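One chain follows as structure tokens, the form predicted on its own.
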Amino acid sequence: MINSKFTAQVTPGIQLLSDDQKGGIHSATLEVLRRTGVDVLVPGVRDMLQKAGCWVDGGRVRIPPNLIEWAIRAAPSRVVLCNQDGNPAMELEGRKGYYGTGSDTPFVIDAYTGQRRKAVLEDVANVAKLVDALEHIDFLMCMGIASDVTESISDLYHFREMVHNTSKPIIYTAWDRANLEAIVEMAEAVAGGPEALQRSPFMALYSEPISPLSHAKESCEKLLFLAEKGLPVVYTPGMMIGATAPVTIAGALVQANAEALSGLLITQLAREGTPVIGAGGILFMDMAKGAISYAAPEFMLAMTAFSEMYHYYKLPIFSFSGCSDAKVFDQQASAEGAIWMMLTALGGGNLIHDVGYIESGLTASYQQIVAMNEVAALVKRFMGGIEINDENIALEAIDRVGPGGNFVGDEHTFQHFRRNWVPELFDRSSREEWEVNGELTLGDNAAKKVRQVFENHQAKPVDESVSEALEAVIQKAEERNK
């Protein structure tokens, strides 16, 4: 008999690095920052680092180990992102995982023609609407770069469309500090003021260092502004193994860690406690093709190991999922995307993006987003583990049915069968039923779901005064860019 009070469950997971190896990666990272250092391209940031105890030689900054270890302790281990009503939506900590789309693809696959074309502003609105409608896609990135608006402030248009078409948390990009300031002004209008936004942020900036080992002017300025505002930022490397990082995964991991942690130090010196989500991108370059592979096992290994380092630091983790090198939504896209979805969950990623990327991040696929929503539901059920208690052990039911019996009609089955996951798009019917229903593939079902959402789903409307405030910010930016 099981102890009736025993309800603890083990969350499924994987481990690539031993504690000794994590300690070794950490020590190597500190040595890179002490010996080689990083380029910091903003004089004011260099002055701040020098005042804290770093060694500055021109644009190069070398960092004592104690400062990095202080920054790790100073940064929040838990970052909460809210919806636009100010209610908590994602608790980025531990092994809690949330899936979302990617950003800034130049192309999309048209949902009606199936043709690859340049992204337009309507695509940003449509992907926001799709994310709003899908239960298991938890946050939004804009996916496409709108080619039909003023290029220098397209990021402002993206943010407006995202706000209008979903109430879920938003991870946004900003081309420069001026645009970032404008986007934050827009967000403050949505939230009800600067203090309300800081207290219950519904958005976080995505930004990157420049690999190898450089914090560019735009990146530094964005970090300083968000630290001043006390708003969250995703700061993650975007390196390529074998091109802008060592070809060995271990070497790339050390360099990525050095870039991420030196960025973390900048934020914490600017304002201790600034919420930062780190780890992230150690992409693989296929030397034969000269192109980035979003589904290479080396990328998956590096990303999983990077996540383990951030678990080691007890810091929130940015991660990848649901993406593929396929050129259209097909068997390859489904297989690669699904492997990513399960792997990232097992690796304990928190803010898990790029769901819907195909063609190595160049193209957005609506069908891929919908299909990966289905996979996310499956993965979340798996990650729930197995609850072991007296009721679930089912000794009474086993005794009632006995040898040769059938559990279909038993009371225990009736009470518990609804807990099992049921797919929406994946087909479990008989072949005869499948043929009668039109022999639809997953791609057919996903495309149908996309069109249904586009044509029928309505996001919660934005207050008219807020909408006017967003438009005023954009018009002011248009004037500034004339």
Partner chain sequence: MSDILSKLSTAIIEGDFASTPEMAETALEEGLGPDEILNKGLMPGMDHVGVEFKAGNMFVPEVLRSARSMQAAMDIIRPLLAETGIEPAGKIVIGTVKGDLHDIGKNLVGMMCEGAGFEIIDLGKDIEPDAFVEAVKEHSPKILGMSALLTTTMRAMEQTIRALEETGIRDSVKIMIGGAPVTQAFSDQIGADGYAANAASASDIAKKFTP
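Residue numbers count along the first chain shown, from 1. Since the structure is predicted, the reported quantities are computational estimates derived from the model, not experimental observations.
The same protein also exists as the form predicted together with its partner chain; that form is not shown, yet it is the one meant from here on.
Asker: I'd like to check something about Val408: if you look in the model of the complex, is any of its heavy atoms closer than or equal to 4.5 Å to a heavy atom of its partner chain?
Answerer: Heavy-atom contact with its partner chain at 4.5 Å: present for Val408.
Asker: Just checking whether Gly402 would be counted as a contact of its partner chain in the model of the complex - the rule being heavy atoms within 4.5 angstroms.
Answerer: Flag for Gly402 set to no.
Asker: Against its partner chain in the model of the complex, would Trp55 count as a contact residue? Criterion: heavy atoms within 4.5 Å.
Answerer: No, Trp55 is distant from the partner.
Asker: Going by a heavy atom distance of 4.5 Å, is Val436 a contact of its partner chain in the model of the complex?
Answerer: No, Val436 sits far enough from its partner chain in the model of the complex that none of its heavy atoms falls within 4.5 Å.
Asker: In the model of the complex, which of the stretches 26 to 34, 411 to 419, 46 to 54, 443 to 451 has residues with heavy atoms within 4.5 Å of its partner chain?
Answerer: It is the stretch 411 to 419.
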